[in-house]
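The chain below stands alone, shown as structure tokens; this is the form predicted on its own.
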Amino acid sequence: MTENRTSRTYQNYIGGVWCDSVSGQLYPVVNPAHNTQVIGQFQASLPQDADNAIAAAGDAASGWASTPAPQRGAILYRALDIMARRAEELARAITLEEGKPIADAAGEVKRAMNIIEYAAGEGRRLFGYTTPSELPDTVAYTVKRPIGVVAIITPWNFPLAIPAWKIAPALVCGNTLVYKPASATPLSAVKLVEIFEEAGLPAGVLNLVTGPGASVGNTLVEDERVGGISFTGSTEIGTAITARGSELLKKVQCEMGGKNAAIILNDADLDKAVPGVVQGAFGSTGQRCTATSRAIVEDGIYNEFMESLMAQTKALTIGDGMDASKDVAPLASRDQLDTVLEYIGIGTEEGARLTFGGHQLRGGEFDEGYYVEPTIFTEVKTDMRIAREEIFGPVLCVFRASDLQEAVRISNDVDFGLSSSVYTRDLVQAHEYINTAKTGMVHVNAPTLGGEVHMPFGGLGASGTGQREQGTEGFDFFTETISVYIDHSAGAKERSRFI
């Protein structure tokens, strides 16, 4: 790494070497809480840089694939130890470039560590299976083989955890990688790659290229040497990657958007439900694909719920994520601020009632940051854009429902299907919800947020395509299953004529 007079300059990592991009051009990344503070200069890479990284990954592919999986797992365990040592540094980097509260950033580091720990253990559990053959003197079994070169394309909202939950299983499965982080949050990416480098990952196995998706990302999708693509980001881009990847016969996994709903029934424990909705809607400034963007409340409890929701939302503190006393931090960028404010304007124009918030914060500590108040809309109709489109900010739409069936209909009446939740003490209603909610993840008496590393993560409809991430399904994506038949008989035998 090198330093300049204004801020540190960070490089790409290709073939085990930190290097400048072929363009020689840099771009700045600023702190969203203080947008005059440049936290680093990063490589504005060109297609040639992505090409070089793909070549390096290709050169390393055979050696890494032939490394026993337990040895690959051992490197991940070393990375885990290094990450634990650098945990505070990593959390600060996340908050500096993405803006989220430092407690959320620390939680993200912990999540990344959990993922790496789980993936490392899978180095001894990449199981195939044996099965009886229909033929005599024949052994039939399956083995897992890596895809080869895989492109990892990640978003800005979880700049450490999401890359970790792609990179760790991909590595332990024996793939070599070209990692393209979001342009807005490359600092965490650099630090993650430094950790794997220090852990002893061979040159070329993990390559980092920063810069614009239009040049770098498109090259990764189009190059025939790339056999798999794991993408997290917008539905628009993910859909295009899925279509193009399929045309090129690549393995593609896309985790995309969400419009997640929490249903609060008349028998709900409001001491549990309201904090869950507030956390889901406004935690991490609403910038999570699993954020609670809709609350659907049964009529009998609506007024009591709204009174408590308003009180708890008013109590939230807003400010720089580095201040541990703050609950809500700035949005991640000027573009994101503009998008959220535009949607708030759309909501009022569509006739929804702006019940709380809805304004950009200015003056004093807010002058240099991308701050918007936590915002609540009521009297929302299901055909409104704010009810259907992902806003990715601290905006909550509240609906009324006459019963569970109407609440589920409202919840399901969107293109997305990532996560949802219900708050109820009634197990009959809870299981009816579980069986009818059209989302890939369902929660009972808990927020719509997150999941656990040993459980699959992903959604239905516009929320995702391809195999799930995390859990055993995450390893399935990063491997190809090979069926093996061994005839150990002394002579020829009759074979099936059907296939």
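Note that residue numbering follows the sequence shown and begins at 1. Small disclaimer: the values here were computed from a predicted structure and weren't measured.
Heads up, the form predicted in complex with 2-aminohexanedioic acid (UN1) isn't pictured, but that's what we're talking about next.
Stretch 161-169 is the answer when you ask which of 131-139, 243-251, 161-169, 196-204 has residues with heavy atoms within 4.5 Å of 2-aminohexanedioic acid (UN1) in the predicted complex.
Checked against 2-aminohexanedioic acid (UN1) in the predicted complex, the candidates T378, Q429, T290, T313 yield a single residue with a heavy atom inside 4.5 Å, and that residue is T290.
Shown without its partner, this chain lists S188, S420, N157, T95 as candidates; in the predicted complex, only N157 has a non-hydrogen atom within 4.5 angstroms of 2-aminohexanedioic acid (UN1).
With a 4.5 Å cutoff on heavy atoms, R111 counts as touching 2-aminohexanedioic acid (UN1) in the predicted complex. 2-aminohexanedioic acid (UN1) in the predicted complex is approached by G450, whose closest heavy atom lies within 4.5 angstroms of it. Taking non-hydrogen atoms only, T424 never approaches 2-aminohexanedioic acid (UN1) to within 4.5 angstroms in the predicted complex.
Within 4.5 Å of some heavy atom of 2-aminohexanedioic acid (UN1) in the predicted complex lies at least one heavy atom of F457. In this stretch, 224-239, the one residue having a heavy atom within 4.5 Å of 2-aminohexanedioic acid (UN1) in the predicted complex is T232; the partner itself is omitted from this view.
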